[in-house]
Ligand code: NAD
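Only one chain is shown below, in structure tokens, and it's the form predicted alone.
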């Protein structure tokens, strides 16, 4: 498997450096070849090349079997004319990574803030209120006068239909239940179209139940009884908010895996930001990026019928659960290890499983 790895900003290089030995150990343990190409992106690229994302990186990503993107300092990158391109938005849009898949589950050894749950948020990734990715050219947030801003939201039938299909396909392999989260009581046309496409898709998956919940009620249900949910499908902004909340409820945002997938390409990306306040201090939890990389292995393995990659993904998640139980973890979830040591311990745990 050929991976393009872009470490990013802040804690990105640290958690990437912790994740790569884990992937190396998994490739040995589960019998697949791994080739890694690492390139700068974000501030390091801006300093070296005058641009945060070099144009040639897009072709490198297309030529690879998967892309791993570390957190980027996206708030710093405001002017594309000065080379300040948001790396995440660039690859999501350029590779048409329309599905953001964010599992969230509780871990037996950690406090369960909302009770035990195991769910996946499937978030549309290319339109909605996101001003940097829903226009072909320009920006969808407009300063009409000094005191008036208009933010445009784009919703298309195609995007609604394909994100619904991803959610139902995933639910068919899980507990066969999809919840469509919306605000169609207010956004009658846009969210109404989204619901229409979810209902149409359900006809192709009669074994999967569908229910529809207004977004504010969904948040209340998540707090009260998160175990009721299996696969949540929703539009871009709702999904961004819900998935951060469910990741934190699982124990820490540092445990939230995230895969951005399209028809032909996929990108693993930690669900959190670049955390510049702890960068360089060996404090960051690398599990979010590691679990994201495991999702990428599973995506690739299912597409190419490579059982080793699929097994490795499950093995990494199992090793993370065991590492948490043994306390081989960072401080944010009750451990004493640093970022590097947590990654090294997890890689060693996977190697020990190989020897059994």
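Predicted, not measured: the structure shown is a model, and the values here were computed from it. Numbering follows the first chain given and starts at 1.
Although it is not shown, the form predicted in complex with ligand NAD is what the next lines describe.
On the criterion of a non-hydrogen atom at 4.5 angstroms or closer, are 132, 243 and 292 all touching ligand NAD in the model of the complex?
Per the other structure, none of 132, 243 and 292 touch ligand NAD.
Is residue 71 close enough to touch ligand NAD in the model of the complex, meaning at least one heavy atom pair within 4.5 Å?
The answer is yes: residue 71 has a heavy atom within 4.5 Å of ligand NAD.
Please tell me whether any heavy atom belonging to residue 273 falls inside 4.5 Å of a heavy atom of ligand NAD, as the geometry stands in the model of the complex.
Heavy-atom contact with ligand NAD at 4.5 Å: present for residue 273.
Is residue 233 one of the residues lying within 4.5 Å of ligand NAD in the model of the complex, judged by heavy atom distances?
The answer is no: residue 233 has no heavy atom within 4.5 Å of ligand NAD.
Does ligand NAD come within 4.5 Å of any heavy atom of residue 278 in the model of the complex?
Residue 278: yes, in contact with ligand NAD in the model of the complex.
Go through 193-201, 279-287, 180-188, 114-122 and give me the stretch that gets within 4.5 Å of ligand NAD in the model of the complex, heavy atoms only.
It is the stretch 279-287.
Of 103, 239, 254, 128, which residue is found within 4.5 angstroms of ligand NAD in the model of the complex when only non-hydrogen atoms are counted?
Only one listed residue qualifies here, and that residue is 254.
Can you tell me which bits of 86-112 touch ligand NAD in the model of the complex, meaning any heavy atom within 4.5 Å?
Sequence-ordered list: 88, 92.
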